[in-house]
Every structure is written in C-alpha cells, then in structure tokens.
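As structure tokens, one chain now follows by itself in the form predicted on its own.
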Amino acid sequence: MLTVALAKGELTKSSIELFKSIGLDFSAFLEPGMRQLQIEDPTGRARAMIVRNKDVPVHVEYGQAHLGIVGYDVLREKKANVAQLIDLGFAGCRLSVAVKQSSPYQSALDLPAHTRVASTFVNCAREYFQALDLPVDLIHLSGSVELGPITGLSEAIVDLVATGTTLRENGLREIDVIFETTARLIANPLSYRLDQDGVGAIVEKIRQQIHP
C-alpha cells in the first residue's frame, strides 16, 4: 500500500488538501482530539503517517514512506537521500540572518570573525558562513532562537522568517537572506524508480495539480 509521510504543524492542512485534490483523503488528521499517528484513506488505496517536520525525510529515505511533503529548509539541513520531485509552492518563507535592531551590522559580512550565531539550522548556517569565508561560532538551539541576541547568548541568529513579525516583536531585524524555501514533494528513490504501489501515478496527478 502506498504510504505518505505528512509533517505536523504548518504544512499539515495544505498537504492534506493537496492529496484530497487527487482523491486521497487523510483529513481525519485534522479532526479535534485525533491521536492516531497513521491512518488509511477511506478507499483503502493509501495510508499516511504524521510525523515531525524534520522526520519526514528520514521516513522517506529509509522506505517507511514512499512519498513525503517537507520544507526545502529541512531537506537542506538534513541532507537525506531522497528524490526531490516537485516544488509545491506553499508554505513559503526564507532562512535569514538576523541581529538586534540596535546592532551596527547591516549584512552578514559585517559580522566580526568568531561571532556567536544561534540556529536550529546549524548545517545550513555553517555552509553559508563558510561560503563567505567568515568563521563563526555556531550554537545549536531547538527552539526560540530569537532569545539568542535578547539574552546575550549570541550576537546573531539564523532562522526561518515568514512575515518578519516575530523578529520585530522581539527587537530583531534581518540583515541577509540565505535562501527561500517552500514545501517539496519527495520520494524514496528506489520506490520511485521501481514505481512501487503506483507511486508514479500519484506523483503525476500531483504534478498536474501544481502545473496544470
């Protein structure tokens, strides 16, 4: 049976709507009080699991799911061995460098060598600063990265930004955008190549929805 990995959180509703548009209904995940982590489409043609965003590519890489929907930012950070098939266009935001409003720095290149930078995306941040030939001291945080400059833990952060409201409310501002990110459809490479459980037909239906 075709298995899909869906991400908890901001991607959930849009991902479910996309699959519903091609005839696979996983909307039970949206019901209040739902605690199941895996459900079947009512037609019995497919099932979906709901996992943390960062775990989607892991389940797909190891074959527990044929397909998954996850942010490009997670793919860049995790470097999982998955096939990136379609830019789905929703859940758009950007990975940016930010500092305090009062900071004198106007771009990442202004940061002094060995500046402390807090981020959840330490691999992406490391690649970015290495490309700038700017050595920084990276601090991994799992959440509330904005607290880095506020508390003095770090001089800068690398974090996802959508509207910028959270930054502004915490006295921070962007000084550089590292890359833009949107939701991507990914597949287990072997499953996709062998067209296991009709994965190719599902991918084509999604492609037609996104690029009619």
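None of the values given here were measured: they were computed from a predicted structure. Residue indices: 1-based, along the sequence shown.
Below, we refer to the form predicted together with a further copy of the same chain, which is not included among the displayed structures.
- Using a 4.5 angstroms threshold between heavy atoms, Ala46 stays clear of a further copy of the same chain in the predicted bound form.
- Contact check for Val161: no non-hydrogen atom falls within 4.5 Å of a further copy of the same chain in the predicted bound form.
- Not displayed here, a further copy of the same chain is approached by Gln38 to within 4.5 Å at the level of heavy atoms in the predicted bound form.
- Of the heavy atoms in Arg116, some are within 4.5 Å of a further copy of the same chain in the predicted bound form.
- Note on the partner interface in the predicted bound form: the residue among Val51, Ile178, Ala183, Ala187 having a heavy atom within 4.5 angstroms of a further copy of the same chain is Val51.
- Of the listed positions (Arg126, Lys78, Arg94, Lys100), a single one reaches within 4.5 angstroms of a further copy of the same chain by any non-hydrogen atom in the predicted bound form, namely Lys78.
- Three-residue candidate spot Lys8, Leu147 and Leu153; every residue lies within 4.5 angstroms of a further copy of the same chain in the predicted bound form by at least one non-hydrogen atom.
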